[in-house]
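Next up: just one chain, as structure tokens, the form predicted on its own.
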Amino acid sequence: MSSTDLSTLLQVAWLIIFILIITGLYQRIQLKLWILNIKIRLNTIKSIFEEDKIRVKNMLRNMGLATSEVLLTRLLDFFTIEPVSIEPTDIIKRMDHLLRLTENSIKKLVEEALPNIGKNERSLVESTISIVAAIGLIYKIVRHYIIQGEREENYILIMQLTYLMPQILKITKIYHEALDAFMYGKPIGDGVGPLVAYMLAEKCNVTSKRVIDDTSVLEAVYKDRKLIIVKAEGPGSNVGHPGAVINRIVEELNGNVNLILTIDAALKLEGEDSGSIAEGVGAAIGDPGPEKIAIERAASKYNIPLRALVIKMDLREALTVIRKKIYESCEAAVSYIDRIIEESTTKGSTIIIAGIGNTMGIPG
């Protein structure tokens, strides 16, 4: 090719690019490519959603529920409307009421549909349906925005969605992977708090156990101190109500508590090591508010030191079957608790230790 032909070819190419830019065709082509990319990934999310629905239907059928579609239809779209926040008076009480009403309503629907299975099995059904519902919600929201963006030719909305899709798809796949653990009642990373509490109880001389509000309370003697170990009642998929229970225990003891220590999982930042342990001050609990504030109010009312211990992990590790590295961190956390107890309290002290999280697969 001669230099003249090359020069002509370049001029034509620049002319085509110029026409594409000034006519807006370049943006339209880009928009179509973005929409195509989003739709391909949206179809992947839809496939995951449909697959997991079938898995849960089969699970329900194996448990004796012939008309699983009815229960799924009711629970997959079940929602809770947040309380009015413009008038914050009593908002925690109202939120707690709505959350407990949601929990009890779902439990009642599952119990009525599956009356012949045990409490723990029903809790697994509730959790598996909630996971499928989360995937379904992701699918519906993405579908809503892609339809809206395409109809209105909203470049900004489509562009934002394009760049968010890898993260959205990643979260969807994590929920999909988590379904296996919840269907079969295997311990998950989020259960590190209850697991540490269980490990600690195994080392102690447990003197009594009672269950309050789906929450186990064990009293024990450890290092010449009275321990009150609080965790969700296992081994079903259950987080209990540790905040309300701790508040009740503190009131029963008239505030004669020397330390409250909460242990929970925490999402790590990129670059941090999975299974790393960190300590701090405050209530380590990730609920919407009622449980956390109950602990804070009890501690502040009687000026009780409130300490926290967290084991860090990513979202996949939190929602899927517990990894060996995370399990080993739980063992290390028990030793960490020993040090906090000896540094912060004296012999004869009363200490509340709460393992926060889903106690699925963990006894006690």
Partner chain sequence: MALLILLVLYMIYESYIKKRREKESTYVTREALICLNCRYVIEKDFEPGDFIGLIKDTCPRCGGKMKIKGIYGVEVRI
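Everything quoted here is computed from the prediction, not taken from an experiment. Positions refer to the first chain, counted from 1.
Note that the form predicted together with its partner chain isn't included here; everything after this is about it.
Out of the listed residues 252, 202, 224, 77, 202 is the one that sits within 4.5 Å of its partner chain in the model of the complex by at least one heavy atom. Taking 136, 235, 275, 149 one by one, only a single residue has any non-hydrogen atom within 4.5 Å of its partner chain in the model of the complex, and it is 235. You can rule out all but one of 43-51, 302-310, 62-70, 319-327: in the model of the complex, only 319-327 has residues with a heavy atom within 4.5 Å of its partner chain. Residue contact with its partner chain in the model of the complex: residue 198 places a heavy atom within 4.5 Å of it.
Using a 4.5 angstroms threshold between heavy atoms, residue 187 counts as touching its partner chain in the model of the complex. Taking a 4.5 Å heavy atom cutoff to its partner chain in the model of the complex, the contacting residues in 325-364 are 327, 331, 361, 362, 363.
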